[in-house]
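Only one chain is given next, in structure tokens, and it is the form predicted on its own.
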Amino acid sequence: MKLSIAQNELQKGLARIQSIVEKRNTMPILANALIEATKGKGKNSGALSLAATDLEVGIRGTHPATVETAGAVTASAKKLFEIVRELPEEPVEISVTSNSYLEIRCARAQFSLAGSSAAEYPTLPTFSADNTATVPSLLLGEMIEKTMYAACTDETRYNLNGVYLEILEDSAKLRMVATDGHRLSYVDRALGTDLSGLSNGVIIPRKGLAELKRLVDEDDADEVAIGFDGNSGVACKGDVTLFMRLIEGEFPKYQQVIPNEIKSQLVIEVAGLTQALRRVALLSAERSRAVKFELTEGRLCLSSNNPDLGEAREELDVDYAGEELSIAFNARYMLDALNAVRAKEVHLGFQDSMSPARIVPTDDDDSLAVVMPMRV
């Protein structure tokens, strides 16, 4: 293999795969990047493909390069990235020796990096373009932001370790929902495209969703093609393809957690509530992070108490004329929900002191957050 590629293009491709490569030494080859060069039809054309996988999530990106000799090899993704990142912005020449060493030259710098045969690298799945549907990148990114924070991090609850996608039959909207048992978030959006692979719903793992968010945030394309087949998912954007192994299992009947009967409700400014909640949480119990919400006519009082530190209290003027209510929440869970809705004001609704709080943006009835209460 022998090729030449722009330094910034190579650095961009290697940076993209850093979060994918396996850092645990369960399979040493998974710490490597798969590097493949293919020749084009023209004299100075060709492509360099950079791929990585941890067997759960994989990514492949294709970059323009001048390829003299086609070939494939694997090498440490981390070390290769560190080398390329320090090179000057000049063409990088890469060649592979007979014993799989990468010879890297750029300007007057020269490196020899140990590699291994590409035949040892796991095969990345292939996916037919016929099974994908196009979705606006900004819309998909917004849906991920509003839900991913609520996904469970407890590996023993594997069916909650991701975000559930389903098609709502009554409205043909795509719903994305996540819960960890303490909070829940969902968002509905009309995509105007056919996602037939979601008829029974799929669970995208947290890591796959984080990589998908990075992919849609890149500014090189306005749309991303996504598709699902069996226990695999794929997302394609420009010359980059992301593969994900879906979580097998049944997502819980989350609708049962959402309070439908709201007896106490108020409209409140997110910024004011967030700032007050952060202040009061400073003296909350370290383990529970509990903050009490006390609603009376025209007033919301937030308070916390820590026997080892002291107590905090702050009052907010609100437009409320319902029954008095006292309820407590984990401050971090409530702050996560308020930050994720990305709204100026929200409807904050309660059923009673033992039921979850429902948070709905005043300008978006198609997204919702639920936070479970605490005993204090």
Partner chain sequence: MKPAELEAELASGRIRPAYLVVGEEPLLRDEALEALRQAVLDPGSEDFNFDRLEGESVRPAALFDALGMLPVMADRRLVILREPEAARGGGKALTEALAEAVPALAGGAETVLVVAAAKVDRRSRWFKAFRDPAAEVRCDPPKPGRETLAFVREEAKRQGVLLGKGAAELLAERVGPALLLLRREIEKASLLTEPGGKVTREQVAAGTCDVADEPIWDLTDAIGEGRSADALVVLAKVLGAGAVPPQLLAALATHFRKLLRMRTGGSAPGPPFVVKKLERQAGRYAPRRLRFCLNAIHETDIALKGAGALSADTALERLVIGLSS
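Numbering follows the first chain given and starts at 1. Predicted model, so just to flag it, every value in this text is computed and none were measured.
Not on display, but discussed next: the form predicted in complex with its partner chain.
**Student:** Only one of 302, 102, 187, 160 has a non-hydrogen atom within 4.5 angstroms of its partner chain in the predicted bound form; which is it?
**Tutor:** Looking at 302, 102, 187, 160 one by one, just 160 meets the 4.5 Å heavy-atom criterion.
**Student:** Just to be sure I understand the contacts: of 257, 72, 225, 148, which is the one whose heavy atoms reach within 4.5 angstroms of its partner chain in the predicted bound form?
**Tutor:** Only one option qualifies, and that one is 257.
**Student:** Given that its partner chain is not shown alongside this chain, does residue 156 nevertheless sit within 4.5 Å of it in the predicted bound form, heavy atom to heavy atom?
**Tutor:** Because a heavy atom of residue 156 falls inside 4.5 Å of its partner chain in the predicted bound form, the answer is yes.
**Student:** Is there any non-hydrogen atom of residue 354 lying within 4.5 Å of its partner chain in the predicted bound form?
**Tutor:** Looking in the predicted bound form, residue contacts with its partner chain include residue 354, since a heavy atom lies within 4.5 Å.
**Student:** Would you check, heavy atoms only and a 4.5 Å threshold, whether residue 252 touches its partner chain in the predicted bound form?
**Tutor:** Looking in the predicted bound form, residue contacts with its partner chain include residue 252, since a heavy atom lies within 4.5 Å.
**Student:** Can you check whether residue 261 is within 4.5 Å of its partner chain in the predicted bound form, heavy atom basis?
**Tutor:** Residue 261 lies outside the contact set for its partner chain.
**Student:** Is every one of 7, 81 and 89 within 4.5 Å of its partner chain in the predicted bound form, counting heavy atoms?
**Tutor:** Not one of the three qualifies.
**Student:** Want to guess which of 132 to 140, 105 to 113, 175 to 183, 239 to 247 is within 4.5 Å of its partner chain in the predicted bound form, heavy atoms only?
**Tutor:** One stretch meets the cut-off, namely 175 to 183.
**Student:** Quick one: name the residues from 265 to 287 with any non-hydrogen atom within 4.5 angstroms of its partner chain in the predicted bound form.
**Tutor:** The stretch touches the partner through 286, 287.
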